[in-house]
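Let's start with one chain on its own, the form predicted alone, as structure tokens.
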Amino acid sequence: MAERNFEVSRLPGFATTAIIVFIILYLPIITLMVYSFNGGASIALWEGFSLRWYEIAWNNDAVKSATMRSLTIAAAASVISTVLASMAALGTTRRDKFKGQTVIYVLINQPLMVPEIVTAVALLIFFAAVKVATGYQGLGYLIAAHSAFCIPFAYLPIRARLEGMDLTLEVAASDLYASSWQTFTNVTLPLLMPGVLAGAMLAFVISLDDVIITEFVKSGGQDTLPTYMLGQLRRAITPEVNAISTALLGLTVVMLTAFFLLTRKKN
């Protein structure tokens, strides 16, 4: 008798369950996208196709200011967190195993395991003390907070890339009398670059979408695009929020698609 391999797709109800899951996940998003093109002011009553709310959002100075602030913070946090994550990944993979390595791994990934609200409150208390001591009220606090929160998101793809890299070329470079810096810049870094770029883009997306930490750390007049949208929802819900959300979703999808293309394995 021919042996049959187990396939989860053969289980009874698999297709039905999969369809239900996809509907639950994506129907609200599709609804939001559709109503971003609603010509009327209602978010529940369709009144015809229009780009009116995209035009309103585009001409809204508050939206422009919040968008530029979000992009600035996300770009800075992405660079800082990626550099630190790369150093941490190199320090935990390109060496022999040592005592406490697991503890270090847990500490690096702590923001992923602790509820974000806990991290936000801790940063609020810490930065409040710093603000009192220094008097500084700028965006540096948001950049620092986002950088700290994004480190594990950048660390994971970089570490995964390093663990999949063979040491042969690096050993060969050392045998040819290359210094540690020459080996890193000419061999390790070029091979590691897809992981670095993937980590940077993932950190950028996480920072761009963050609400909780931003809401706790920001000072007056430092709204990012997500916190601006939250403020608008507290006042009055209009399709302008749908339009902004759809644009933000589009940017996130582009970034995550690039992340997938950079990290997928080639045959």
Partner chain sequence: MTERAAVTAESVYKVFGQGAHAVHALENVSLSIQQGEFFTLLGPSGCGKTTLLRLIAGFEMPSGGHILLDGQDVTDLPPNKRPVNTVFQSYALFPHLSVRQNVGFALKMQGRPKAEIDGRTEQMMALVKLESMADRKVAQLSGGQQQRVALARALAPQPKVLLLDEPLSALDLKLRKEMQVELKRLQTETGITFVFVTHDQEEALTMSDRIGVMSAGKLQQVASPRDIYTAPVNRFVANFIGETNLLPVTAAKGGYQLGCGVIVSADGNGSTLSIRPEQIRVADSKAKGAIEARVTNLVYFGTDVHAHLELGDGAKMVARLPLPPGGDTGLMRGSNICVDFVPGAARLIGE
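Positions refer to the first chain, counted from 1. Because the structure is a prediction, the values reported are computed rather than measured.
One more form of this protein should be noted, the form predicted together with the partner chain, which is absent from this view; the next part is about it.
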| query | finding |
| --- | --- |
| Single option in L197, L169, A148, A75 placed near the partner chain in the predicted complex, where near means a heavy atom within 4.5 Å | L169 |
| Answer option from A160, V79, L139, A178, heavy atom within 4.5 Å of the partner chain in the predicted complex | A178 |
| Complete contact of T31, N38 and I43 with the partner chain in the predicted complex (any heavy atom, 4.5 Å) | no |
| G100: touches the partner chain in the predicted complex, heavy atom cutoff 4.5 angstroms | no |
| Close approach of P115 to the partner chain in the predicted complex, 4.5 Å, heavy atom | no |
| N186 within 4.5 Å of the partner chain in the predicted complex, heavy atoms | yes |
| is_contact(P190, the partner chain) in the predicted complex, heavy atom dist at most 4.5 Å | yes |
| Stretch in contact, per heavy atom within 4.5 angstroms of the partner chain in the predicted complex, of 149-157, 107-115, 86-94, 178-186 | 178-186 |
